[in-house]
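Quick setup: one chain, the form predicted alone, written in structure tokens, and binding and motion questions come after.
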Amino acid sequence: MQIPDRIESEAALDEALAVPYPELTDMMRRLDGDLLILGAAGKMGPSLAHLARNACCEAGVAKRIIAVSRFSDPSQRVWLEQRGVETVPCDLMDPDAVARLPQVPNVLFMVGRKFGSVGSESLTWAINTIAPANAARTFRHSRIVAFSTGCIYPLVPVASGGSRESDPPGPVGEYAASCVGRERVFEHYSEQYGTRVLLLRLNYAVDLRYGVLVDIARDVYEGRPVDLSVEAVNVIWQGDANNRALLCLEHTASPPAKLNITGAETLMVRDVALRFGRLFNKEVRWRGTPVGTMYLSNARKSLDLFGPTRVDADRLIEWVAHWVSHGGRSLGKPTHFQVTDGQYLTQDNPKGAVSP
């Protein structure tokens, strides 16, 4: 697969996010049955569904790719259907509605709530545990890749090398605790029914319209000080994350498998900001002092399974710099990855954060 030097438009970005690895195309030839994506209208779901459709087309196999969501934004449904993805509106908190969904052998579960958790903790727990229970009961005979997050781990220092799948959870705050709850729900039904599950712990996916690198780049480009309270981050190109998520369908297990999905590099925020400063020819300003611990994940296991990411951090930084400096659209949803106290408020609140 050819990696472009830069991405010039949203149309080109959407296509780049949906380019299948050759091994994904091969997997689609082997994989029995259709694919259902639950919670497909988020930031990542549409491009993942598009990728699945492209991989089937390249493989020359006929599979239904079915995207399920409430589709509160009708344009997302139109966008998916124009690309050959079937859409089914459904409230995934309604067990009867979930039970009426098509029974398929392959399920990706992408439902979750993070922003707005403070002040409405009960809703966060409900979405992050009841929707998984509805899905796990209904699709107990399917293989399920369930999206989780690196936030289930404790905060760690840079020198740790990042949390590993064998490390015990150490959630900070109600959101992170509810994500452990989501994993426990899938574990329970996997043990009860023998359902093959993989818990995909992702952080942080970067689409040029949003993501940690975009936040840092826009601070530098627009003259805002870069916050150094969190010293280091892991990131992964969303196209790589999409491919790996689908490849995980062949690695489900009972009891559930666990897999960190992120890039190989641990990026120092100061170094990234200075790199953007050079690319933009702008002075970098600073604020905050390091707190010493942060969310970091060790991706060794997934790198051994799937090989290196196709887009490394250097290329991704260059893409982001070009996108930002040439007026590329932003979703206006900063990650606020600096949050380390578990207090996830609304998307616009300066203490909020985005689900990785």
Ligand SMILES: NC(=O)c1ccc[n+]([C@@H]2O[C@H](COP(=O)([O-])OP(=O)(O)OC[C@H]3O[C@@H](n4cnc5c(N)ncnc54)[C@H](OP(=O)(O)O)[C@@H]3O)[C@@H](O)[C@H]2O)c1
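Every value quoted in this text rests on a predicted model; they were computed, and no experiment measured them. Numbers follow the displayed sequence, beginning with 1.
Here the subject shifts to the form predicted in complex with the ligand, a form of this protein not shown in this document.
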| property | result |
| --- | --- |
| Position in contact with the ligand when the complex is considered in the predicted bound form, options T87, T252, T149, N106, heavy atoms within 4.5 Å | T149 |
| Answer option from R182, R275, R244, R143, heavy atom within 4.5 Å of the ligand in the predicted bound form | R182 |
| Output flag, G112, I127 and A205 jointly within 4.5 Å of the ligand in the predicted bound form, heavy atom basis | yes |
| Partner proximity in the predicted bound form: Y189 to the ligand, non-hydrogen atom cutoff 4.5 Å | no |
| Contact test in the predicted bound form: R310 vs the ligand, heavy atoms, 4.5 Å | no |
| Proximity of A136 to the ligand in the predicted bound form, heavy atoms at 4.5 Å | no |
| is_contact(V214, the ligand) in the predicted bound form, heavy atom dist at most 4.5 Å | no |
| Among 287 to 295, 36 to 44, 54 to 62, 319 to 327, the region lying within 4.5 Å of the ligand in the predicted bound form by heavy atom distance | 36 to 44 |
| Residues within 4.5 Å of the ligand in the predicted bound form, restricted to 65 to 89 and counted by heavy atom | S69, R70, F71, S72 |
